[in-house]
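Only one chain comes next, encoded as structure tokens, the form predicted alone.
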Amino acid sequence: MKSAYDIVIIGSGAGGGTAAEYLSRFKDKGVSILLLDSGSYRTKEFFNQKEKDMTSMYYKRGGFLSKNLSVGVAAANTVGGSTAVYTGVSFRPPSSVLKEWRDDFGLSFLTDDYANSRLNEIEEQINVHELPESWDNENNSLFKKGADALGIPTKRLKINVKGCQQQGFCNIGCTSGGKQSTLEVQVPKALNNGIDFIYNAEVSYLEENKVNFKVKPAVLNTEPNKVSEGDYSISAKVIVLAAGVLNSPAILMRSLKHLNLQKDALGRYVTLHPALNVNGVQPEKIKNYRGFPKTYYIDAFSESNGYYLETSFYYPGITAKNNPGFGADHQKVMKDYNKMMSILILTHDKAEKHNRITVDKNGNPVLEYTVNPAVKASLVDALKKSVQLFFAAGCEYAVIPGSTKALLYPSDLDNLDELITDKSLSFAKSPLSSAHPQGGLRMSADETGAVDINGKLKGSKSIYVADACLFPTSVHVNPYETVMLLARYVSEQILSENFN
């Protein structure tokens, strides 16, 4: 490790990993690059599919709660970021969202032609494709069966895997390396191109052209540190901030006495793609926790009611958390784990200024988020649709947050409007979840933006942002490819503005 680099990149997830790989291609320009990540370095050899071990890859073991406890965010703290623990679902940003970002926020570069050309390359690199129907486990097949019976059109998800062994529990790491995450693709390519990499490196604060960080002890059963533990200060011509929605704004807030930034724009307009995972129980055991967990989705209610439905299936601990209730009813449900089919509800929340990341007195990130009434209405509708789908697929009973009955049966279908209501859905009893935090350092030409349309932090000469914080609004779909698209664009601007 040197004392000065041309570029220091903070974070190795979808944004930072993409930036590191792309910028490392230009080593012939003599550009020196240091990649930092606060997480530990776990390669596929360290993944064991044991919940008690693998949930340690997440901040607060996947339960980073909002200040009002209404939502828990699952965000990874490991090399590869959340790309190491997601299911590989790969959506291109909808054209309607790109148009909104161009028209309302000045992101004129985001034409359909630009997005498609870059995403064609990205998708080829990470092997995005539809999985064959032979890979559909019974959880997925039953989702389609129920949707077909109700006349609801389904679509097949695109996934970025290669050499997948269909182990099922993608959210606690891939032991075969089949998931084409930044852990498996971009970071190794960047390392092969000669960048330096320090993990377990927690950034304390930034100055203009300087990154201050602490190297922590390596976690047991991860790659050992390559540098000594302790405090470091590294100079950089360019700093690329890609530490994720929870942490990028917090780093800047810890840096305010060293940087002259537009304080009011920092941390604002966070969206979460609020989610509920719900379960129905089949009469017999089904193949649900093996095979690929996600192959179908429904977008038929996106425009009219503001949500997607996707197939999903989770390991026992998170399933127990997601199922409402307690005592005998909850035990009954969990004893039927191997009979469960599962649906993930993803709602489109608005970008509102009061929903934000701030910091506590110790500089740790705090999420302030209030569920919009429109999101609650979407959830109520989606819960009813999910119950209908479960029973159309042959489920004996369903366990649903927001229902006034602990368990619902087919005989309840005619009374769903009374059983599942805005009033009965309580986020104190059934908190929402989020694996798709977005916003916080909005990219915009107007005064609401913390970042300009070239990716540079307003008020800074050296700091760029290249993660999901840039999103002006929710992208409505799983955000992985959109993060990579924006990170690629910001990287292009960094080269153009600093290394020509």
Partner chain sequence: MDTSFKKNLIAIAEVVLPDIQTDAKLKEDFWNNFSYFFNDLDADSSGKLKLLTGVIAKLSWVYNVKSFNKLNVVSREHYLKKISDFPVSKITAGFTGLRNLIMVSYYSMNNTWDDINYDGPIVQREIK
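Note that this is a predicted model, so its numbers are computed, not measured. Positions refer to the first chain, counted from 1.
Below, we refer to the form predicted in complex with the partner chain, which is not included among the displayed structures.
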Are Phe169, Asn323 and Ala428 jointly within 4.5 Å of the partner chain in the predicted complex, each by at least one heavy atom?
-> yes
Stretch in contact in the predicted complex with the partner chain, which is absent here, among 30 to 38, 444 to 452, 51 to 59, 466 to 474 (heavy atoms within 4.5 Å) | 51 to 59
Checked Phe301, Tyr205, Tyr337, Tyr232 for heavy atoms within 4.5 Å of the partner chain in the predicted complex; positive is Tyr337
Though the partner chain is not shown, can you say which of Pro217, Pro373, Pro153, Pro316 has a heavy atom within 4.5 Å of it in the predicted complex?
-> Pro316
Proximity of Tyr289 to the partner chain in the predicted complex, heavy atoms at 4.5 Å = yes
Is there a non-hydrogen atom of Asn225 within 4.5 angstroms of a non-hydrogen atom of the partner chain in the predicted complex?
-> no
Consider Lys458 of the chain shown here, and say whether it contacts the partner chain in the predicted complex, taking contact as heavy atoms within 4.5 Å.
-> no
Does Asn193 reach the partner chain in the predicted complex, with heavy atoms at most 4.5 Å apart?
-> no
Since the partner is left out here, which residues of 67 to 91 would have a heavy atom within 4.5 Å of the partner chain in the predicted complex?
-> Lys67, Leu69
